[in-house]
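Have a look below at one chain only, the form predicted alone, in structure tokens format.
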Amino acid sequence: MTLHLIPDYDLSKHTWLGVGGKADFFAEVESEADLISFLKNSQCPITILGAGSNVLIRDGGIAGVVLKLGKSLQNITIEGDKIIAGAGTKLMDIAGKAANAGLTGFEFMEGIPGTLGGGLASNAGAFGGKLSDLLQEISFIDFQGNKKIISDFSDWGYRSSPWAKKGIFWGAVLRAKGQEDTDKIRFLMNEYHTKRVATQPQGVRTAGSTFKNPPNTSAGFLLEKSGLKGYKKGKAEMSAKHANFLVNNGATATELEDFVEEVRAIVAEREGVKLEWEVQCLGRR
């Protein structure tokens, strides 16, 4: 088999913000062999789309081919203190499986809406934990179709992975920090869930944290201090519940991006800090 490319594919339905133009071509990937064959023979720009929870796809769409990992990459195997998962697996599902097996260290993934692949690209984290703390090895395919095994994570940082723009995460082996009674693990996960519900907007179109936290402070604190908690312009809003959450009330991607840039400028002027996007902006304006 080969990848089935769909032309002029609407990407907005694959994003949490619900905006964005079309991909020149779109395909779901189920087979490693098909992916490698395609990459070795393709000259097109390649963009990888995960769960769409932390991206803003621009109104002009994305040039080249957008690839999304299919259901065959949504698998979890437990071997002792290790979890082996495909890159299409939801982080929340990994946390749940780990809890059932009495494996600790994965609790912070509760409530993170993305996939493992997307999480690896951003070194996702929460509540003091991050993916690179658990990684033993990663299966990775570069954009030239070469398969690699990554086992050194010393240069992974806060919300950053040195491999993010070099290819496609295919799967990973994660090692638990220890073992614990399942009920205790679930109790901690429930605490995290309760905290998220209490402090983050629910039931609206958002993309999670809009900005990365600067050193020694938080983006939410700086936004709130700048008077931007609940700030609205047109149909774009910085949440009144958590200032670092962009909320889309019906704006276009261009309107959202311009709104966030305005917010950045206000914080820079009032607090002297130039916030860095955590949401990825993809495609053409």
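If you're wondering where the values come from, they're calculated on a predicted model, not measured in any experiment. The first residue of the sequence shown is number 1, and the count goes up from there.
As for the form predicted together with a small molecule, it is not shown, yet the points below apply to it.
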- line: The one option of Lys184, Lys148, Arg196, Lys177 with any heavy atom within 4.5 Å of the small molecule in the model of the complex is Arg196
task: Could you check which residue among Ile94, Leu103, Ala121, Ala172 gets a heavy atom within 4.5 Å of the small molecule in the model of the complex?
output: Ala121
field: Within 4.5 Å of the small molecule in the model of the complex, all of Ile48, Gly111 and Glu278 (non-hydrogen atom)
entry: yes
query: Heavy atom to heavy atom, is Lys212 within 4.5 Å of the small molecule in the model of the complex?
result: no
query: Using heavy atoms and a 4.5 Å limit, would one call Ala99 a contact residue for the small molecule in the model of the complex?
result: no
query: Applying a 4.5 Å heavy atom distance criterion, does Gly61 contact the small molecule in the model of the complex?
result: no
- prompt: in the model of the complex, does Arg159 have a heavy atom within 4.5 Å of the small molecule?
  reply: yes
- request: Report the stretch among 187-195, 74-82, 148-156, 161-169 that approaches the small molecule in the model of the complex to within 4.5 Å, counting heavy atoms only.
  value: 161-169
